[in-house]
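Let's start with one chain on its own, the form predicted on its own, as structure tokens.
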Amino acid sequence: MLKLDGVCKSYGSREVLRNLTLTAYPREVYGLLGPNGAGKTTTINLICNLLERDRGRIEFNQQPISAATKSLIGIAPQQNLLYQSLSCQENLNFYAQLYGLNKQHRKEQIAWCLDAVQLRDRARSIVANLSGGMQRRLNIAVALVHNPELVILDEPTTGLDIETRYEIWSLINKLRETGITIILTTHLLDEAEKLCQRLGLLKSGQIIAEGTLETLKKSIPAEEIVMIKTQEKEKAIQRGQELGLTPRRYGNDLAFWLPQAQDLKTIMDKFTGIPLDSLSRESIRLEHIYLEMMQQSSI
């Protein structure tokens, strides 16, 4: 189990983490979500013992994070840690040596990692000749080569096409099934919905909400959301408020929170006299929760 309790970190007068507290349990994918500048990178660096915290505790499996826990943690950063002129096998061998694995152990781990990321047939391929998706899978293999118990995946599918994203998602699920605890950072909220057992929303250096998706949904007092497109947005907002509906703007889209699910005809009747281009019902998704928490959107 990874536990951060009251962690603080400042750079000069700039406070980056403020009493950060979170827990990631064994065999789960924990999604650490937040906007740029929220403190995700600093949190990762502290977990990896690359930075010193100012205050607070960080433990993994009841051991304080230190040089002694290095072998327990693997990281696949957003920028691939790969040597382009080396083969897949040579890259993994290099990193395995850095972790002090002996020759036989390196051989076994390299074979396991290549199998895990489905690159065994490309073991001798030069990295520069691999596709972007293959390179991203190999980058994850580097994080696994020393057989860690905790793996941090920082934006693992950024810039990848949808087919390759699905491949990475499948890999992440398989890793979790082997017993690895995974910390996942991503700006792709559908990715977090599909992969994460629990989520932590990080804002201004603090976890402002943590839990399963079903738990977080309770932060929005609605059964579903209705999306409306109209040229008369202000009139629609006024009508909705008169009916006791909570309005929200999601970009250019106008939405209303519905306290109970209703059929489309009933909803349309509520806006009689206001020209509607379209109207649709949606379930509450992580996107809605995230925007509410992060932006506290106002009309």
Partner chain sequence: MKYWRETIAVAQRILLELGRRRRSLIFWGIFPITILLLNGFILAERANLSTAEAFTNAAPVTLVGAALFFSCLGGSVATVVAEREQHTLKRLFLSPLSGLSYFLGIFVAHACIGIGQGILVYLVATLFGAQIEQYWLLGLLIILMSIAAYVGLGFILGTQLARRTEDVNALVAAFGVPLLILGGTFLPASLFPESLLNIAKFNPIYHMNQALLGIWAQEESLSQVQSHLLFLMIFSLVMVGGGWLSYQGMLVRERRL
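Numbering follows the first chain given and starts at 1. In this text, all values refer to a predicted model and were calculated from it rather than measured experimentally.
A second form of this protein, the form predicted in complex with the partner chain, is not displayed here; the remarks below concern that form.
J.: Which is the contacting stretch out of 108-116, 173-181, 196-204, 135-143, given heavy atoms within 4.5 Å of the partner chain in the predicted complex?
T.: It is 135-143 that comes within 4.5 Å of the partner.
J.: Looking in the predicted complex, any heavy atom of Ser219 within 4.5 Å of the partner chain?
T.: Contact with the partner chain, no.
J.: How about Leu50: is it within 4.5 Å of the partner chain in the predicted complex, going by heavy atoms?
T.: Yes, Leu50 is a contact residue.
J.: Examine Arg27 and determine whether its closest non-hydrogen atom to the partner chain in the predicted complex is within 4.5 angstroms.
T.: Contact with the partner chain, no.
J.: If you check in the predicted complex, is Lys233 within 4.5 Å of the partner chain, heavy atoms only?
T.: Although the partner chain is absent here, Lys233 would stay clear of it in the predicted complex, with no heavy atoms inside 4.5 Å.
J.: On the criterion of a non-hydrogen atom at 4.5 angstroms or closer, are Ser87, Tyr95 and Gly100 all touching the partner chain in the predicted complex?
T.: Judged in the predicted complex, Ser87, Tyr95 and Gly100 all sit within 4.5 Å of the partner chain.
J.: Under a 4.5 angstroms heavy atom criterion, identify the one residue in Leu254, Ile44, Leu245, Ile65 near the partner chain in the predicted complex.
T.: Checked against the cut-off, the match is Ile44.
J.: Only one of Leu82, Val226, Val151, Leu189 comes within 4.5 Å of the partner chain in the predicted complex by heavy atoms, so just point that one out.
T.: It is Leu82 that has a heavy atom within 4.5 Å of the partner.
J.: For the stretch 1-18, return the residues whose heavy atoms include at least one within 4.5 Å of the partner chain in the predicted complex, in the order they occur.
T.: Sequence-ordered list has one entry, Tyr11.
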